[in-house]
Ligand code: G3P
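A single chain comes next, written as C-alpha cells; it is the form predicted alone.
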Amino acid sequence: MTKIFCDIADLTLIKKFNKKKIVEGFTTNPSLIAKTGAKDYKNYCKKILKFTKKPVSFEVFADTPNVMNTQGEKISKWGKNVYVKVPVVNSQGVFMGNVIKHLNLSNIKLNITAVYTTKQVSKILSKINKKTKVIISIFAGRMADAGKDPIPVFKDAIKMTKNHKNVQILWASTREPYNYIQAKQLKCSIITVPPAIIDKIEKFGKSFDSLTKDTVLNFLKDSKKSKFKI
C-alpha cells in the first residue's frame, strides 16, 4: 500500500488535510515554509505539530556537516512524529554521508531528500543501520522535467532496499494524479502530493464517458462566458 503524504506548509491547509483519511503524513521544506510568510522557522514548525500527530518532515538548511548535525539533533526533539529532512549532498555536491550516519546512529528518523540516482541510494544504504527509520525521497517529477525516465531508478531503489525493513522509498515532486497510480504499481512506500492533486486523486474512478461529457460541458460554459461569436 502506497501512503499519501501531503506536501504543504500552510497551517490552514494542514489542519484541513490532517482530517482526511487518505493523508497519512506531511512533508515540508524551507521554501514552502518561507512562502507562508513565517519569520521564525522553529516556532512555525511547532505550530504545524499542534495540528497533526501524523509523520512530518522538517528540513535542515545548513550547508556544512557540523551545522547539519546540530540542526538535525534540535529538529528531532520537536516531536515524536518528526522526521529530519537531510539533503543527500550539500550545495557543492559533496555527499552528506557522515551527517546521515551520525543522525541515523543517534536514533533520529531521517528523510533523505533530493535523491536522483541508484548510486546515491547505494551510498545512503552504506551509511545507515537496519533499525532506525529512514525515508529516501526520489525526485521523480524533476527527473521527468529534465527528460529523464524516473521509473528505472525507483525499480532499482526498491530492489536495493528489500532487506532494509526500516527504509521507505518515497516518490517526490509529484506532477499529476496519475503519478499516484505509478507509485502504487512500483510499490513505493510513500508518495508526497500537493493539496490540489490530492483533491483530484479523491475523485478517481470516473468513466471515460463521464469525462467526455464533463470536458464538453466545460468548453461550452467557457464559450458562453466569453460571448464569442462566429
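So that there is no doubt, residue numbering starts at 1 and follows the sequence shown. Note that the structure is predicted; figures quoted are calculated from it, not measured.
Not pictured, yet referred to below: the form predicted in complex with this ligand.
Proximity to this ligand in the predicted complex, defined as a heavy atom within 4.5 Å, singles out one entry of 133, 119, 142, 74, which is 142. Put simply, of 47, 54, 187, 175 only one has a heavy atom within 4.5 Å of this ligand in the predicted complex, and it is 175.
Among residues of the shown chain, residue 29 is one whose heavy atoms approach this ligand to within 4.5 Å in the predicted complex.
Contact with this ligand in the predicted complex, judged as any non-hydrogen atom within 4.5 angstroms, is confined among 151-159, 90-98, 120-128, 134-142 to 134-142. Residues from 48-80 do not approach this ligand in the predicted complex: none has a non-hydrogen atom within 4.5 Å of it.
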